[in-house]
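Consider the single chain below, provided in structure tokens and representing the form predicted alone.
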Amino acid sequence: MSDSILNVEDLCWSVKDKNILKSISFNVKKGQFVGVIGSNGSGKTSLLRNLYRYNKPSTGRILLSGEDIWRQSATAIAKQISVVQQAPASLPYLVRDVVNMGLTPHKALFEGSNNHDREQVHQALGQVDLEQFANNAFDTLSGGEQQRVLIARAIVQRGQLLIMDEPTNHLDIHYQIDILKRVKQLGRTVIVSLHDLNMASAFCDHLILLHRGEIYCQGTPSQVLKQEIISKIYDVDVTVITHPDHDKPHLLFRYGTSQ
């Protein structure tokens, strides 16, 4: 597809002869907000690690702007792909230093920071409303604030593709919505794995549903989040309605608590 920024072609990934990902193929267009969903163990994190060149596919290809990512250097990929993982348990640096790490792929060996770098860090922290925490220790921030710092780091990294692995995990509902709204407003091409299907429906343009290491289906939230599909894959009793605000699917789960 000529307008695709990322093309995944028949990707398979195995560990010690165990197939983790099987025959994965999809395309991502520039500016799309793509959600990767699926139950625990379906292969979401494994897929993302292949996409940002942490794990090498056993077979198949991943093309970024038409070029195989494994024919490019790690530095070249770091300039094009920004990654936001779950906030680490401990990161003993000041907030501004964590954000400054996003500039590493753009710097020569042993090259220090300059005024332009410091301005980029300041502007990125402004985009996530954390300028006042620039000199605070990263470890003293809340989980939601830490995720915003990692997004600021991705902003200064300037990758054309942003990959996020369950960025809302362990956050309360306010920060879940806040993080995804901020990322959406960046206008980047985004691939994000999510557990919350209603969040995925609200924020994503395209969904990829993984099941046992394969793509069970993909498409718009309306095409993927259907009652018969979700009931089968997640083994739950669910009703799907249309959300009154965004007109996308909204899932109502039955919990079996009524007497």
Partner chain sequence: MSLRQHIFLLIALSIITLLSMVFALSHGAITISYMDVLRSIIPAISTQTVDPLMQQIIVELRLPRIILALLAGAGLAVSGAILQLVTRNPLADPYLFGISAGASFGAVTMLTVLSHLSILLLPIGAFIGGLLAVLLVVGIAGRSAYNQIERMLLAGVASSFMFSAASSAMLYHSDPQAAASILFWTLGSFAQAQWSTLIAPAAVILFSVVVFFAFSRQVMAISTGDESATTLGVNVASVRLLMLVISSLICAVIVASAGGIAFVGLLIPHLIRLVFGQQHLNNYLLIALCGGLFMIYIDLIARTLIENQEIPLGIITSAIGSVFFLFILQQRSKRS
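Worth saying up front: this structure is predicted, and the values here are computed from it rather than measured. Numbering follows the first chain given and starts at 1.
Separately, the form predicted together with the partner chain exists; it is not shown, and the next lines address it.
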Only one of 124-132, 141-149, 104-112, 177-185 sits within 4.5 Å of the partner chain in the predicted bound form by heavy atom distance, namely 104-112
Answer key: of N169, T189, Q72, N100, within 4.5 Å of the partner chain in the predicted bound form (heavy atoms) is N100
Can you tell me whether L94 touches the partner chain? I mean in the predicted bound form, with a 4.5 angstroms heavy atom cut-off.
yes
- Message: Is Y52 part of the interface with the partner chain in the predicted bound form - any heavy atom within 4.5 Å?
- Response: yes
### Query
Quick one: is V83 in contact with the partner chain in the predicted bound form, heavy atoms, 4.5 Å cut-off?
yes
- request: Using the partner position in the predicted bound form, report whether Q120 sits within 4.5 Å of the partner chain, counting heavy atoms only.
  value: no
Requested in this report: Given the partner chain in the predicted bound form, answer whether the residues S201, L207 and K248 all have a heavy atom inside 4.5 Å of it.
Outcome: no
